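Only one chain is included here, represented as structure tokens and corresponding to the form predicted on its own.
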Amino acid sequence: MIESSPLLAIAIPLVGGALIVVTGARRNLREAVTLVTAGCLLAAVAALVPAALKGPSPTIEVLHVLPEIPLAFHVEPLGMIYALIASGLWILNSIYSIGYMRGNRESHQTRFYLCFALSIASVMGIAFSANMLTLFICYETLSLVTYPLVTHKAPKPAAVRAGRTYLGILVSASVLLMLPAMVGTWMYTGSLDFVHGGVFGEALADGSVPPWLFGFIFFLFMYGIAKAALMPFHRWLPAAMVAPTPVSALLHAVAVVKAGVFSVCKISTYLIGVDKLAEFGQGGWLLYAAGISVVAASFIALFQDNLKRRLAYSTVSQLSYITMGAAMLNPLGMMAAAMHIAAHAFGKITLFFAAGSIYTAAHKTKVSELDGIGRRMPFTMGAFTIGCLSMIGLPPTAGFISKWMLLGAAWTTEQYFAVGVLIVSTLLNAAYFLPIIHRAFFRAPPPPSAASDESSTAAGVPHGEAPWPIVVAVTGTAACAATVFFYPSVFADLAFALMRGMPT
């Protein structure tokens, strides 16, 4: 049963997607199917945690896509962290989507829920992939099934442009960079399997792969994973903000960007081997590239008045924290990176949920329009505050734990550039998040105008909080961000299991 469960985790959202199509004409039933499917998936994934804590499970081969390279899956600690996050947040995102899609009278709702289910199925495939070919297939599938979500508002020109940028950058990076890296790995090692310590050990030892080529293959992988949004391959992420807020939450917290940074960590650990990178003096550049992305994106976020755009650049910065942890090339850094995958997910989805709640209830999209909104929307802005604290790295939130671990890993291994980046970027995080909280709670709201009253009445949205499903979801994710601070053991144990299996 344990060995077959990864396939069950992939099958559940696929079956749910089919049922969503069948029940599409009856929205209450369709949305009930979505929620039940999400609940079943979380149960199936949670049942795998004990197996993941013991290390990689036996590999399940489904079919041979290429000779000697099967489509295969297994359970291991890093993938379990990703799968737990995605399956758990799918429930809250589905609740949120019900309120948002109905409250804003969005079209193509059945297509939306279907693509969401297919995205989660792709995520499960990525999380439980046992070799690079399996990860690549599921990774590219995720790009394709999220494209209709990014272009949900088409034929509006902004949505069309966003979709073109989204798919163009992600697919081009995969085909031009990641695919050649895979071919090179197979040619020189004869394997694409994910194993602790990577597959290059023998080839490096006998000299068949010179260190510079090993480092170049690593370079191709890191920039080929454009979903990690490492600058300059980040433009797709702010462009995709034209999509509905539940899609933004999917992109930034549940699936797409997490697929990117998860792939960075998984390839570094299980295919390349961070110990080999350190031993042969390769890969050190990634720490500096990620650090520059952290600071540059944080600085750009300071000047964004559009709330979702500010959050988008914040995501670019926070993702590079995870890449920077992997780039420390030691088990402590990788453990911290794994923890920040979880911490960022809960904090960032809360912020996007709050942004969508503000739009639904008050039709405001700019930071400069949020004066006094905390008095009308205390639950939304209270949750937003918790999300901000987590992104800054302050207690009592999950972000404090992961940033503390990143700082500890950098200090212990004497990587003082990373220490400096963490300090500077934390100050920048505070500089672009705290003014929003100040506006919301400590500035007087603007006097009501006839125009704003008419637009609110026409939209059918009263002044105050958004519809209750939105409020439930945003307070639920904020509660998760705080709960992980007090009870981090599930993710911490999995992160430690990952570190325990790595060569030192």
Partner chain sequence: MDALTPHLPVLLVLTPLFGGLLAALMPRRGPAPWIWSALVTGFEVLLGLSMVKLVRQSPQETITYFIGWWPAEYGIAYEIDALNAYVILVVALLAFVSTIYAKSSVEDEIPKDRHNFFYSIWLLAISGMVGICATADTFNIYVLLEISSLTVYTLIAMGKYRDRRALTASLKYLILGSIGATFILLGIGYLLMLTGTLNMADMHEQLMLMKAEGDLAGNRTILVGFTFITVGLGLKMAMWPLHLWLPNAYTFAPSAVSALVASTATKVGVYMAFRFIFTLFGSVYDSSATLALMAFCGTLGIIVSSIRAAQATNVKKILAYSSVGQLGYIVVGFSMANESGVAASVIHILNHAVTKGAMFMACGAVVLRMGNADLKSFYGLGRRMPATMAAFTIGGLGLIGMPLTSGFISKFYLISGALHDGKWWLAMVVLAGSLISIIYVWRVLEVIYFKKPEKRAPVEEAPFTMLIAMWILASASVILGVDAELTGRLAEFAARVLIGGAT
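Model, not experiment: these values are computed from the prediction. Numbering follows the first chain given and starts at 1.
Missing here is the form predicted together with the partner chain; even so, the following discussion is about that form.
Only one listed stretch (275-283, 239-247, 88-96, 150-158) carries heavy atoms within 4.5 Å of the partner chain in the predicted complex, and that stretch is 150-158. None of Met231, Ala72, Leu167, Leu394 but one reaches within 4.5 angstroms of the partner chain in the predicted complex through a heavy atom, and that residue is Leu167. This chain is drawn without the partner chain; in the predicted complex, the residue among Val175, Leu427, Ile292, Leu434 with a heavy atom within 4.5 Å of it is Val175. In the predicted complex, the partner chain sits beyond 4.5 Å of every heavy atom of Phe417. Contact check for Leu204: no non-hydrogen atom falls within 4.5 Å of the partner chain in the predicted complex. Among heavy atoms of Arg102, none comes within 4.5 Å of the partner chain in the predicted complex. Contact check for Phe216: a non-hydrogen atom falls within 4.5 Å of the partner chain in the predicted complex. For the stretch 419-435, the set of residues having any non-hydrogen atom within 4.5 angstroms of the partner chain in the predicted complex is empty.
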